[in-house]
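In the form predicted alone, a lone chain appears below as structure tokens.
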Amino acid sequence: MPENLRAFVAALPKVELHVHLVGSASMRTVTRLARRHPDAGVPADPAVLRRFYTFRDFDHFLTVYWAVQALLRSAADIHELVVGLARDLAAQNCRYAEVTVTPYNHLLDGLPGDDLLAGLASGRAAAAAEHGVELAWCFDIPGEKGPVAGRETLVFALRNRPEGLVSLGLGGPEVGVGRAQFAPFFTAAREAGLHSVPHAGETSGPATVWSAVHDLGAERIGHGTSSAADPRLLAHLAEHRIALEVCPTSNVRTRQVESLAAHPIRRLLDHGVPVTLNTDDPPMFGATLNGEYLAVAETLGLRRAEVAQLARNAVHASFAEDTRKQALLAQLGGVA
């Protein structure tokens, strides 16, 4: 990779729109939490932890993800995780991020709701003060747990409405988990002023993306890579400026695509779909935001202007305040 492109990517002010709080836990953070909670069974030795993070398939990834989540037992644990994420984002020159949090799973694991909210609030404040990173929240429904999880997530979100909450999401396995069953919760969330950002089309086909758009009023799609197989869907996404939160390294590591060269991102861009680059669960996949930009630029042979446009796409697709967007775009203009 030419050093001048590497420097250019590093200098770009960036926005991250698809990163899971639990999956953002760095080796440093997980090691500290594993030593604090040895009964969780998560390796505290960095070398063993790296092997623990070597995924065989998507199901194995989920197993590791749940194990790490079991380390989060107090407001202090959540705070440490949030600040660790902010530290890593700042190192990538990321200025703003919308972070996916799944309250229902934390509550099931026994973490009091007040502790979750306190950790998010104090971590968010520290992220801004210590690292210059503004964090916003997407409260995510774990789809595999059904409508009860949708209802409880919505109630928790609207009853508490923490500062920085901007959207309602839907994650977890897609196959066998129809999007339409969650429609009432997304309708209520949108009526309350939250945005709709469900996962769709990561491990299933274009029909799931269509359902996310029609049934859930999706304003952005988490992943959405299978949209590339449906020309009519591509045209719809482009026309209505429904952005895709594309996570290339994640797709390769979970075996959703064979390689970055085989990734449909080129087809998405060629059809005018607003594509944003994101890391999903960065330490678990060995990903960084700079690395995603560099890998895509190199694989697709993008010019600097095209790389900068990917960064602009993320700003435009974010739910940041307009003044914040304009400031970020101005900062981008100063580099690109």
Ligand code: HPA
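Just count from 1 along the sequence shown to find any residue number. These numbers come from a predicted model, not from an experiment.
A second form of this protein, the form predicted in complex with the ligand, is not displayed here; the remarks below concern that form.
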Give a yes/no on whether residue 172 approaches the ligand to within 4.5 Å in the model of the complex, heavy atoms considered.
-> yes
Might residue 80 be said to contact the ligand in the model of the complex, defining contact as any heavy atom within 4.5 Å?
-> no
Partner proximity in the model of the complex: residue 202 to the ligand, non-hydrogen atom cutoff 4.5 Å | yes
Could you tell me if residue 20 has a non-hydrogen atom within 4.5 Å of the ligand in the model of the complex?
-> yes
Proximity to the ligand in the model of the complex (heavy atom, within 4.5 Å), stretch among 37 to 45, 296 to 304, 62 to 70, 265 to 273 = 62 to 70
Only hit among 253, 124, 223, 220 for heavy atom within 4.5 Å of the ligand in the model of the complex is 223
Output the sequence-ordered list of residues from 263 to 302 with at least one heavy atom within 4.5 Å of the ligand in the model of the complex.
-> 280, 281
